[in-house]
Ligand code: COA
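The chain below stands alone, shown as structure tokens; this is the form predicted alone.
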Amino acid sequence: MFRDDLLRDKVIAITGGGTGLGRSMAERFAALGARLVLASRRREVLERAAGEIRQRSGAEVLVHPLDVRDPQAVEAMVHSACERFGRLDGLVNNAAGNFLARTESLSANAFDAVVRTVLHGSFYASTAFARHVIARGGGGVILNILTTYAWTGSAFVVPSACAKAGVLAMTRSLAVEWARHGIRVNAIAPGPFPTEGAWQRLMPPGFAEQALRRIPAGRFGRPEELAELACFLLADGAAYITGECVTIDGGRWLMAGEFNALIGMDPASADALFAMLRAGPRS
């Protein structure tokens, strides 16, 4: 979709960058010329991802293991990136934690673990990045990875819903506050994207078929589609976009409409049903 040099020499840090959608974004950024900082908790996963990205694209990749719930560790990542590359131009807040549970059964620690990773971690990384950008005066871009239930809510993932809603509010708030420093802050809200790990934890057996029926586009998302959107929002050509949350879910979140479930009917059956309803009850 883009020129091969779209992100040439931009330095982009990605939390949760060693696996899943984070890695897919990292691979595409590298292919378009970016230099990368991959951050997550497991060094071996990061090293494997970095090695494969270097081999495919020749990109420079810095690996920095950290727990985003630790603000000092996040500050150290930004410092390490600046020591290696001289600056940071972009930050993707992708690190997350989630699981299905009845809310009344959740412990305080379980709730806290998710909220601290998603909301606190995104805040720590964003403020550390912003302090660097403001000090050097060069501008930059923050991209937060959300979910559509950040505004609709969802049963059984209440900690994640609360945290993602907070990140959405933070996205819009910081977009206003930091615009004068040349910092853009946007978000992406993906729908169902099959990935290793998270997909298995959040998709009960047999539920995928049901979920698929509720996507107007008729399919799940492909990781490269999310990566392309992220590239656009990080690129200089999107310089007038800030405070925006772009949904990429094949129309899934729109299915809350009262009669949307009827789209599964074949046209003839739908016409017959609607004609019967218009005719009203027979005496």
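A residue's number is simply how far along the shown sequence it sits, counting from 1. What you see is a predicted model; the values in this text were computed from it and never measured.
Below, we refer to the form predicted together with the named molecule, which is not included among the displayed structures.
Only one of 109-117, 179-187, 209-217, 130-138 lies within 4.5 Å of the named molecule in the predicted complex by heavy atoms, and it is 109-117. Across the proposed site, 41, 198 and 201 without exception bring a heavy atom within 4.5 Å of the named molecule in the predicted complex.
Although the partner is absent here, residue 96 sits close enough that one of its heavy atoms falls within 4.5 Å of the named molecule in the predicted complex. Of the heavy atoms in residue 69, some are within 4.5 Å of the named molecule in the predicted complex. By the criterion of a heavy atom within 4.5 Å, residue 162 is excluded from the residues contacting the named molecule in the predicted complex. Although the partner is absent here, residue 101 lies within 4.5 Å of the named molecule in the predicted complex, judged by heavy atoms.
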